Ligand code: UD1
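Next comes just one chain, in structure tokens: the form predicted alone.
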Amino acid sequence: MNGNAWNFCILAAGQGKRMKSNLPKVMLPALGRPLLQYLLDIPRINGYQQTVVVVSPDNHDVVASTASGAEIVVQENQRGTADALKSALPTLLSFGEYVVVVYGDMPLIKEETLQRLTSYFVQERVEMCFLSTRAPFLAAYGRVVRDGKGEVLKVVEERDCSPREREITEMNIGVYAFRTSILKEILDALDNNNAQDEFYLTDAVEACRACGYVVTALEIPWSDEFLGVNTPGDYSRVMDELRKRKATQLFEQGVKILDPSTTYVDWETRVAEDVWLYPGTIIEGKSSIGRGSRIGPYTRLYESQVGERCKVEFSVVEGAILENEVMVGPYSHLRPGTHLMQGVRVGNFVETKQAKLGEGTKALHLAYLGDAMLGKNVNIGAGAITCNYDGTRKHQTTIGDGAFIGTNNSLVAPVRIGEGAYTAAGSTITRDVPPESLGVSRCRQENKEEWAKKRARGDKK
């Protein structure tokens, strides 16, 4: 393709009422990015001269936030696909000799398919060309009507088909190529005399022929890339196909996915070779996982960086950084601002937030570390917590290298535990503990002799 000759137009003004969502359907999330983003990647890769996105007044702002670099055009009144393209005419006529037009709810269409269309268009020297296929099921696509010689006569939308036309198996996919110079003449010739009372882009086939222009359809085998998103069921099928594409990409990189059907990896996530993803794993956002790490089973990573040779199982990791050889879980919750340095171990029912744990530090069970700075080789006993919130402000706990925090400790911030210091089990630490010292803060134990025996007799004393 000569990129300087082609424009790319995405029709994204549809309201998507059947989706029953507050979001425009082109902005529904799919593997961590809007559906529209998959189409926007195509012109950036293939060098189209100009990308135009047609939107409704209601979805202008939300679409514009994603379609940076594209020309946003507003279709003031939603009167059909031909009217949407007509809204883009002033922009399209200023750039390029040809234009590819796609519907914004078709995120699976492949760049090589569009290249095939544009190459065929130029080769055949026509004014209009569109893709057709024979779906393995009767779908709500427009039917392609041909004459006895096989020439395309028209496309009839499924709702307007006669019983005989509905039996036609060749269907319009909804991907078009036009010579830009004819568009105004063709679109001005269309009417809205149909079941939807709209201006159909499919009617451009008849209009082109009436004006003496050559129209052809490029029939290609059915593929899931032609699926559109019109209902929640369609959305689910498209999501499934995107998950399969991502899994294929990961397999090619040497990632081991034990059960792809229960593993979800966002499109922007980077996974190194020889990573193992176990069933029930969900990796979201711009996360990254280093070589040789094992994630899952039943683990969620969100916007987190995991180093090499780490192990995370049965846990939730959000906005965290794990350096190499870190072990997390089972049943840990690493919240935003967590930074675990090399060799750290965080175990059963441990929660961290805005906490940095130095190399070799261990918090193996039943602990909470919030707004905390821990040095190297610190041991956090079971049931230890940092009391970081006074009801108004957050305060920091600092623990030096080699410190030992006893079981069932409450460290009331702001407080500092020195290097090599110990805190006794059951203590509530409210003052700094100097290096190499023992901090003890608990009531003296008192045993009342035979108290239980007297209670059983009902003695009052």
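Given the structure is predicted, the values throughout are model-derived calculations rather than measurements. The numbering used is simple: start at 1 and walk along the sequence shown.
Quick note: we don't show the form predicted in complex with the ligand, though the next part is all about it.
Contact check at 4.5 Å (heavy atoms) against the ligand in the predicted bound form: none of Pro297, Val328 and Val350 pass. A heavy atom within 4.5 Å of the ligand in the predicted bound form is found for exactly one of Tyr98, Tyr103, Tyr368, Tyr235: Tyr103.
Among Asn230, Thr118, Thr262, Thr180, the residue placing a heavy atom within 4.5 Å of the ligand in the predicted bound form is Asn230. Using a 4.5 angstroms threshold between heavy atoms, Thr81 counts as touching the ligand in the predicted bound form. Contact check for Trp267: no non-hydrogen atom falls within 4.5 Å of the ligand in the predicted bound form.
Within this chain, Lys453 is remote from the site of the ligand in the predicted bound form, having no heavy atom within 4.5 Å. Within 4.5 Å of some heavy atom of the ligand in the predicted bound form lies at least one heavy atom of Ile173. Residues are counted as partner-facing when one of their heavy atoms sits within 4.5 Å of the ligand in the predicted bound form; in 193-212 these are Tyr200, Leu201, Thr202, in sequence order.
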